[in-house]
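There is one chain below, alone, in structure tokens, taken in the form predicted on its own.
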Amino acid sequence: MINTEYTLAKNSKGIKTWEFLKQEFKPKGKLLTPFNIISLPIMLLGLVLIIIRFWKGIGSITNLTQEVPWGLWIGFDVVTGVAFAGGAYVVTFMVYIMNLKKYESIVRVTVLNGFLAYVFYAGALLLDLGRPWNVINPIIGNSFGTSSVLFLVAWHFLLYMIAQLIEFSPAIAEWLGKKRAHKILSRMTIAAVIFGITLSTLHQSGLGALYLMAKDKIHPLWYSEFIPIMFFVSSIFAGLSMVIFEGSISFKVFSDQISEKAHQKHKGIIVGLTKICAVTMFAYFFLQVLVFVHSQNWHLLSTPMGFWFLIELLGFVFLPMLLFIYSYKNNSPLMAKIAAIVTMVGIIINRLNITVIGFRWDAVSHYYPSWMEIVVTLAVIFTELWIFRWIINRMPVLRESPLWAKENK
């Protein structure tokens, strides 16, 4: 059983904040772990490639062209990553709006995961811009105008990151031992949650709306006027699948920080999330079938892209939906984890089908990401995981809050 008045509270006992931070930035635990051995070389190589990218231009390490300006860094880092970050707005809605206290223990770790995802994937946008200093243009409406979808998405990204930071800020105040700040920030949480949920539902669909302007470039089996709705609905089960997957790993890796009470609730939380995943996946599958029937693209099913479309829909939507139903009915966390992994693979396939694979599918020369693009993507993911681990090991995210923080609520 862990001590709720953990060492982080030392900062509230006379230690200067600067000295406290110096202590906290010192490495904790073993350095030569399998994860570190694998991730560090990739992160260092990724850093070198990023320097080359900004030094010699985006074409020096990518296969992007004027005809295909968006590739892996947009399709995976941004569009797919934002879908996986959807668990934050779903879980906060369940806990703060629906008052489902059963899921309260996973709120902070889910919000942290969502916040880091947005920060890193928004940062990845700078890598993909030929002139990264022009990133301010969509925010101020310059060259695009305030009616642009990019203007909408840019502001949603910016404001939602601020809202998530406010939602997570009480944990930072507890870490620093700032009781007064904690009290103020805790009172701001519910307003930030409501604001964040509103923004998230808008920009999840807003990302899909970007591709409404590419009707002639996206394969007919993946294009429809309902892409924004599909992006929004799929972000619900994509985000919760990530919560199940990431939560299962965190509960093993950081088990020493989790109370016995939270351990006992973990199985029920996973199984409870499977019900929501199954319902939203059914809605998504039903909508996809309706859109397909309405589009009258039956003849395309006999083509290679048609087979690929059926594999995505049946193998990575319908099948995991059945697995989630089985998990819920049989109270099986293992089946829930398997379903979550299959679902996550399906989301990656779907987003890449729209943004990369099915984008300009009929072009003479197709875009394929270079090995350097893949390394940079892996470097971004590993860097995010390092920071996630650093925060978990120091802040009250999985562990219980100190007694004074509970009294402040």
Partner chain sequence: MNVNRRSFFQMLGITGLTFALGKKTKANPNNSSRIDFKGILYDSTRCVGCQSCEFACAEANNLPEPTDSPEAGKFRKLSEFNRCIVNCYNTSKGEVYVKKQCMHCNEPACDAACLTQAMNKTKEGPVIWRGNKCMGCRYCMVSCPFDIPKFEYHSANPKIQKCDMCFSRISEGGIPACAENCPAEAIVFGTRRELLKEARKRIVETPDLYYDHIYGEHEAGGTGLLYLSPVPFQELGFKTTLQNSSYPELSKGFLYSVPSIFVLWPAILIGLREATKNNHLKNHEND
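Keep in mind the model is a prediction, meaning the values are calculated, not measured. Positions refer to the first chain, counted from 1.
In what follows, reference is made to the form predicted in complex with the partner chain, a form of this protein that is not presented.
Shown alone, this chain has one stretch from 280-288, 334-342, 299-307, 178-186 that lies within 4.5 Å of the partner chain in the model of the complex by heavy atoms: 280-288. With the partner removed from view, the residue among 80, 205, 250, 105 that has a non-hydrogen atom within 4.5 Å of the partner chain in the model of the complex turns out to be 205. In summary, among the residues 245, 292, 96, 254, the only one with a non-hydrogen atom within 4.5 Å of the partner chain in the model of the complex is 96. Remark: all three candidate residues (59, 100 and 236) come within 4.5 Å of the partner chain in the model of the complex, counting heavy atoms only. For the chain shown alone, residue 123 is not a contact residue for the partner chain in the model of the complex, no non-hydrogen atom being within 4.5 angstroms. Put simply, residue 264 is far from the partner chain in the model of the complex: not one heavy atom of it is within 4.5 Å.
The closest heavy atom approach of residue 210 to the partner chain in the model of the complex falls within 4.5 Å. The partner chain is not drawn, but in the model of the complex it has no heavy atom within 4.5 Å of residue 382. Residues are counted as partner-facing when one of their heavy atoms sits within 4.5 Å of the partner chain in the model of the complex; in 368-395 not one qualifies.
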